[in-house]
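Only one chain is shown below, in structure tokens, and it's the form predicted alone.
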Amino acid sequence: MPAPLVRLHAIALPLLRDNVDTDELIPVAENTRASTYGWGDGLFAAKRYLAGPGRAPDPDFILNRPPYDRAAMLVSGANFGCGSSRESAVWALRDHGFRVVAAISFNETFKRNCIVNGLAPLILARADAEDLVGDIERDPFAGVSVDLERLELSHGSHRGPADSISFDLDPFYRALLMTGQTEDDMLGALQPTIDAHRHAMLAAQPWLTSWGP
């Protein structure tokens, strides 16, 4: 079960490019595990490590540079997570320590994979994403604050309400992230209400089924 996520203040990785695809996030050669955990080392593997045997970090790749090597949030461009439906792309982000990806838009399958694995996909306007990345690059140590309850995001150096960025998030997905529940958990909790409604409906309209209430 994913850990609940209500508020987060974290170092953010600025990666403001469009069309970051799942093969870049987790190359196909890294897809060798049967478990859904332990994928963090494979994140961005083709860019993160120097060519040759072993996994020598490439110092020029941003994820290897402090403080971005401690990032728990990623800010990117349009169509993030495109290319394939491989869920391991989300597992790699999650296992590396990311809890939030803020982007201009997402591949729909990737976005849903984020939700079921406790990773918040937040949609920003391009101007807001560009402003946020500018703030991060000027002062990465200030971090970025995300509040799912207030649906607000702000750079650590601008905490006032006037400086916050509002985002939208489907209420059902938001509830899953804030409670750390899966869809099955939430439907299970609602089962008595669903059963009561079904029995009441069938009692009032028994012609709807041959089984009755």
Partner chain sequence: MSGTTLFGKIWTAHQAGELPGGRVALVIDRMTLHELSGGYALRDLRAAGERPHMRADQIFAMADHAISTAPDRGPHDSLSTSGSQMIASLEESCAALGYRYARPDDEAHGIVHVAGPEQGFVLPGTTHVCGDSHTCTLGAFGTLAFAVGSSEVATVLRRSALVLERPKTLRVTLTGRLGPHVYAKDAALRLLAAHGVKLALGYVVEFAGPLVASLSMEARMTLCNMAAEMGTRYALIAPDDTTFEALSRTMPASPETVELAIAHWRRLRSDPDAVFERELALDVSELTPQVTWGTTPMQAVGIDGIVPDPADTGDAAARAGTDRALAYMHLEPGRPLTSIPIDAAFIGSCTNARISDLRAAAAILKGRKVADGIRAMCTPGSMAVRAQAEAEGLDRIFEAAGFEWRKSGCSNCAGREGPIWQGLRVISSTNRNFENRQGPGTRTHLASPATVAASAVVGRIADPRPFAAGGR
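For the two forms, the rigid core is made up of the largest set of C-alpha atoms that agree within 1.5 Å on superposition. Residue numbers count along the first chain shown, from 1. Computed from a predicted model, the values in this text were never measured in an experiment.
Below, we refer to the form predicted together with the partner chain, which is not included among the displayed structures.
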Discussion item. Can you work out whether R55 and the partner chain are in contact in the predicted complex, taking contact to mean some heavy atom pair no more than 4.5 Å apart?
Written reply: no
Worksheet item: Going by a heavy atom distance of 4.5 Å, is S166 a contact of the partner chain in the predicted complex?
Response: no
Discussion item. Since only the chain is shown here, I'm wondering whether G97 would be in contact with the partner chain in the predicted complex (any heavy atom pair within 4.5 Å).
Written reply: no
Discussion item. If we define contact as a non-hydrogen atom of the residue within 4.5 angstroms of the partner, is E137 a contact of the partner chain in the predicted complex?
Written reply: no
Practice prompt. Check each residue of 25-41 against the partner chain in the predicted complex and list those with a heavy atom within 4.5 Å, in sequence order.
Written response: V28, N31, T32, R33, A34, S35, T36, W39
Worksheet item: Aligning on the rigid core, do we see the C-alpha of L15 shift 2 angstroms or more between the shown form and the other one?
Response: no
Worksheet item: Core aligned, does the CA of G188 move at least 2 Å between the shown form and the other one?
Response: yes
Fill in: Cα-Cα shift for M178 and A196, closer or farther in the predicted complex, minimum 3 Å
farther
